[in-house]
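Only one chain is included here, represented as structure tokens and corresponding to the form predicted on its own.
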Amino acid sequence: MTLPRPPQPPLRPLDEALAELLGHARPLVDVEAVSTFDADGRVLAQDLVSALQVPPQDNSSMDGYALRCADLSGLNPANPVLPVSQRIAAGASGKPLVAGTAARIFTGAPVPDGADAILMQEDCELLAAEGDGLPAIRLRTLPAPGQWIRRAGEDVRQGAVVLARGARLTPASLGLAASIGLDRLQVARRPRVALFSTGDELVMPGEVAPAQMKPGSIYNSNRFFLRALLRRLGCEVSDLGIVPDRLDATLAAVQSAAQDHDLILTSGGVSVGEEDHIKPAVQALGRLDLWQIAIKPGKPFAYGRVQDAHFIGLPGNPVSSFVTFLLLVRPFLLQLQGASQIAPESIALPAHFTWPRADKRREFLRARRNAAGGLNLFDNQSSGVLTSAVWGDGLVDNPPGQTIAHGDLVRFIPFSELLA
């Protein structure tokens, strides 16, 4: 007699699952001060308020000559010449401009009092001094008031918040922080993540040559891209390797990982097979919610807690693991660090392909942009074909039940957004 299978819970929409997951991601309270040199990618823990204005005074944006536009009306139109009364280099401070003269000035140098425009050196001719007189310039064009002058405070005003708490720092952000005199920044501490894989079929590259692979064995690719993704998100990663398919070994690995980590991340072993020991191990040591998410690839997903550590279990198929990390684990880790911008930016682009097979799940198709401004689709969208994630430069976010005709506008999420 065959017993009836218990009813399966309905698939959960991605947005609903993400909202619940983020509800568990309380930002870490620990803050650390790091050198501005070393803060790229970190999340600011406090607003950066400028104690000065940038630039501190009006300065020249060109090598050339500072002059007073009012003096130009008195020049001979056939031979407009101004004597050069001083020279001002960057880092120096000039004297007030003598009426009827110009000042030689270099990029970044303060504009002298009385000057109201800069004439580029390419727009004039330098004339040699005669006798004891001053050198002079012959103007080829007449500048307008304010030309080539960078005004004091046009970049940053004193007292302004130049970077807000929760901003992820970029190379440009570090330069901006340095421009207001900050050599150290308060940032959220790095999340500590324990990473391990399960599966007796997994072997590590370098340990077994391809020719000596046993039937049924596969190289552990997930471990490599998950570790790299975690590090890109600013995490401290403890790589615990491959855990054997035994309950005692899985219990020991989970219990050890929970001691001093914020997140335990696994791939594989969260299904219901007899060799899937993650589920009973996490349930024995804490609590576990198994979610069936209405996305393709990547339906199986698990969230739980073991003591003070979060637990996330990803599916074992490589593309499923890769995509669910980007869609769910990435925002979770950003919120742990207090990041203000979590959702990736998407763009609407025309599909230069057809997708006639509508699925009841929300699909994330690997695609890449072409020279014509549209999207090409990778031929094989199987969850085991990791080549698709290398060939593609983003994901087409296709709603449930939706076919795609050539020329349709689709929502495209670039990997540059998801992998930053």
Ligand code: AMP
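Predicted, not measured: the structure shown is a model, and the values here were computed from it. Don't overthink the numbering: it's just position in the shown sequence, from 1.
The same protein also has a form predicted together with the named molecule, omitted here; what follows describes it.
Only one of the listed residues (Asp276, Asp116, Asp262, Asp155) places a non-hydrogen atom within 4.5 angstroms of the named molecule in the model of the complex, and that residue is Asp276. Taking Thr250, Thr324, Gln337, Asn317 one by one, only a single residue has any non-hydrogen atom within 4.5 Å of the named molecule in the model of the complex, and it is Asn317. Under a 4.5 angstroms non-hydrogen atom cutoff, the named molecule in the model of the complex lacks Leu229 among its neighbouring residues. The named molecule is not drawn, but in the model of the complex it has no heavy atom within 4.5 Å of Val329. With a 4.5 Å cutoff on heavy atoms, Ser221 counts as touching the named molecule in the model of the complex. In the model of the complex, the named molecule sits within 4.5 Å of a heavy atom belonging to Gly268. Looking at 341 to 349, 191 to 199, 144 to 152, 279 to 287, the stretch with residues near the named molecule in the model of the complex, meaning non-hydrogen atoms within 4.5 angstroms, turns out to be 191 to 199.
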